[in-house]
Structure formats: C-alpha cells, structure tokens
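Next up: just one chain, as structure tokens, the form predicted alone.
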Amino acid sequence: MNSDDLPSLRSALEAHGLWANKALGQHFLLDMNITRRIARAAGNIAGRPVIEVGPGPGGLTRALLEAGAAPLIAIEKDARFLPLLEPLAEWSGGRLHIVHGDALNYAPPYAASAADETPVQIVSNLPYNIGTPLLVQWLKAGPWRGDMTLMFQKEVAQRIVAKPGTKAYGRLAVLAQARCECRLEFTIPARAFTPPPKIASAVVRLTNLAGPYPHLDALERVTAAAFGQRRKMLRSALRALTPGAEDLLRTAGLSATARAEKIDGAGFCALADAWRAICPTESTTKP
C-alpha cells in the first residue's frame, strides 16, 4: 500500500486549521521521504506490533502502515489530531489503533509474562518535552517491549550513544547501554520540520541486548549521584547515597579518586550491584 494517494499532510493540516503546540513539544515532519527512512531504520516490521507516540498529523504513521505494521498503536495526547488520524484507520484496513491519552501513563494491552507474545517495537518521532522520561520508562519495561527506533533532539541522541570519556557521556548513556545496543542512524536538519526547532534531530536505534542488566532502578540511583556532581571524585559524589562511599567503591572494584565520566557501563553495573548488597532496601526504591 502507498499513502501517496491520500491527501498530503500539509493540505490535511490546512484543512483542519491546525498548528504545532510548542507546550507539547510539537514539530511536524511532513516529508514522507524522511518518515519512510525512519520506518526502514526499524527493520522488518511487517506483521509485527508497533507503538508510535505523538503521531500528530500522521506522517510517520503513514510510513509505518506502508511498511506493514500490524497492529500499529498510535498514542496521541492532542485531541486536535484525531480527525486526521481516524481516516488512516480505515485506509489501513483496521491495523491502526488510535489511543487518545498520555504515553507516560499508557499500559500496553499485552501480557508482560506471556512467552509467546510478540514483543512490541516502538518507533516514534518523540515530542521533545517527554522524550527522555519515556525512554527511561521503556528501558525498565518488561518483556512486552521489543527494539526501539526513536527520534530525539540531536544532543539527546548523542547522549544516548556516548562513550566513556566523552563530553556527552552521562547517566542516559549508562542506562540505555545497560539494556540495549545503541546506534545513531542518521540526523535530520531543523529545516525539515514545521515549524523548525532550534536544533537538529537524530534517529537512534536501540536493539535489546541478549543479557541486559536487570537492576535498572539501582543503576539509575547510582548514576544520578555520580553524574549529579560529575566534577567531583566518586568518593565525594557518592556520599549522597551512603556515608560509606569508599567501601562501596572498593567493593565494586573502582578507584575512589575516579570521576564518573571515566567509568564504563560495566563499572557502573558493578557499583549498582555493590550498592544493592550494602543498602538492599534503599536500592529497590525508585528515585
């Protein structure tokens, strides 16, 4: 199927008198060549369940339906766009399911413990204001979540794929890379969006690791402490977690004088394990 037979995205927006809502982080991507490229970056999604967050006028939605997503669950908070998306449900032969709501509060209708469930891929041009919280939430998700292909502001994308010792390396890189192989696929200039944002965007592909680190809540706590004072040595930065910071670092096999940006993912996982052993009650409490 090909969406070129449908009214153009721009004409659909004009017909409904719609504009982007800056408070919701909306920037429309109306170039179908780019949205199709995003869909291709997700791999073979034909016949596979996919979640899209913030479809807006439906540019990426069209591309995902063309690629065969089944079902495609589109979660849209802004009710203004529902009339633009509803015709796509009929055009798709019922494969598109529209959810009017907040993606941060959305619970997928899939049994998290069912071994025979096909994992749900997530492919989205994420609203800028909730992109990072959504990613962290999805990283913690159960076996229902499959691989993710997500568009962020370029600087956020660079933080996700960053390596130790680089300026962009921080908490988000450690969390994401503890669960996924993270690869920056391509960048998209600001001029490709309507209205143009102040910064370019980039698409990141997050492929689930065969052996992901299981204790992301603990990892979130230790990285928040370590990178919250990244200029300090770890023995000082980690005192927010425990007065026995040096003992904690010794147990994890890390230098007390090291700084957070020099510690790789394995080191932070060892630190999270050490903290769980020393402070089992606190380490199971979300920040």
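On a predicted model such as this, the values are computed, not experimentally measured, just so you know. From 1 onward, residues are counted along the sequence shown.
Separately, the form predicted in complex with a small molecule exists; it is not shown, and the next lines address it.
- With the partner omitted here, the residue from 27, 48, 36, 221 that has a non-hydrogen atom within 4.5 angstroms of the small molecule in the model of the complex is 27.
- When contacts are judged by a 4.5 Å heavy atom cut-off, residue 76 counts as touching the small molecule in the model of the complex.
- Under a 4.5 angstroms non-hydrogen atom cutoff, the small molecule in the model of the complex has residue 127 among its neighbouring residues.
- Using a 4.5 Å cutoff between non-hydrogen atoms, residue 155 does not count as a contact of the small molecule in the model of the complex.
- Contact annotation for residue 161: none of its heavy atoms lies within 4.5 Å of the small molecule in the model of the complex.
- Note on the interface: of 54-62, 256-264, 241-249, 221-229, the segment with non-hydrogen atoms within 4.5 angstroms of the small molecule in the model of the complex is 54-62.
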